[in-house]
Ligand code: HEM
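Shown below, as structure tokens, is a lone chain in the form predicted on its own; questions about how it binds or moves come after it.
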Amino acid sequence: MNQPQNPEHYPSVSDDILVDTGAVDPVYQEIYQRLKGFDLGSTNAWTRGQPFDYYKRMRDESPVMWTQGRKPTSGFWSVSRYDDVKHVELNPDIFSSQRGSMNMAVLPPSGKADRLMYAAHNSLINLDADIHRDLRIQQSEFFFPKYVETLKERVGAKIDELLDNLERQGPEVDFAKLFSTELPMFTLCEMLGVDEEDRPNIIKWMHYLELAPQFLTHPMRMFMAEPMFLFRFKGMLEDMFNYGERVMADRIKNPRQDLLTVIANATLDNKPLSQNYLDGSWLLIIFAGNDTTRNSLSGTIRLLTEFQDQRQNA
């Protein structure tokens, strides 16, 4: 299922990934009923907000519940009670991310975006137990307070610059576009050690990666909004992975004091990582760190706008 790898490299987990079977019903007998009232398998369902009442019903009535998937993907189990979730998380030999991916729907290789799929399967968020821990420890220095302290001055200066720009364009501005989108990308690029001239491409590539799931779930809507997306996506992937290969090779030959160097020179069982691991490692840092922080910043401003009393206390 995977592209050929140097045998001296640590093997990719995607070599043994389980492809989705499209199963409508579970292999094991259901103990609890399937609740109606919310479609956990639909991305559209959350546009009206989180279904907290439904979550409570799940905990009370169906703490381990099967939800039928949408073709061609299989259905899935939802575990909603704390002790059960803890049991799942602490038993990767039974409940493995590596064997089937935390993305759940693992489709057969198609040739169109296989390298992106391999990178996703071999990223830190998809790895179990020892492999996850070993790679995480190797990167941990860049997430400890001592290193974060070294970023404060540069990030602080960037915040001042962005706020000054907001004031110039005020009194009403698009905070998400002018601040939330800019600050996380700057911070992550500083941590990774991305050169200034490469950062506009990083921003562009992340934009396309974020649009990809929308295209898969709502192709017609995406086509109307971004008619050239599909035609540009393949070229974007090629540029992005070529950049990753070039930078990883450079950091091995010319190491720096940055996270890209740590990723490029990481090992498992004293073997260097395959290109799949390298792709997954640097892309996860950028993609996950950007998305979560950007949405947290934008969400905070939205809530402070909606709840004026809290804004006064902020």
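Keep in mind that this is a model prediction, so the values were computed, not measured. Sequential numbering from 1, following the sequence displayed.
A second form of this protein, the form predicted together with the named molecule, is not displayed here; the remarks below concern that form.
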{"property": "4.5 angstroms heavy atom contact with the named molecule in the predicted bound form for residue 237", "result": "no"}
{"property": "Exercise: residue 107 in contact with the named molecule in the predicted bound form, heavy atom 4.5 Å", "result": "no"}
{"property": "Residue 288 within 4.5 Å of the named molecule in the predicted bound form, heavy atoms", "result": "yes"}
{"property": "Residue 293 within 4.5 Å of the named molecule in the predicted bound form, heavy atoms", "result": "yes"}
{"property": "Joint contact, 125, 132 and 191 to the named molecule in the predicted bound form, by non-hydrogen atom at 4.5 Å", "result": "yes"}
{"property": "Which of 135 to 143, 152 to 160, 73 to 81, 226 to 234 lines the interface with the named molecule in the predicted bound form (heavy atom within 4.5 Å)", "result": "135 to 143"}
{"property": "Position in contact with the named molecule when the complex is considered in the predicted bound form, options 268, 284, 262, 65, heavy atoms within 4.5 Å", "result": "284"}
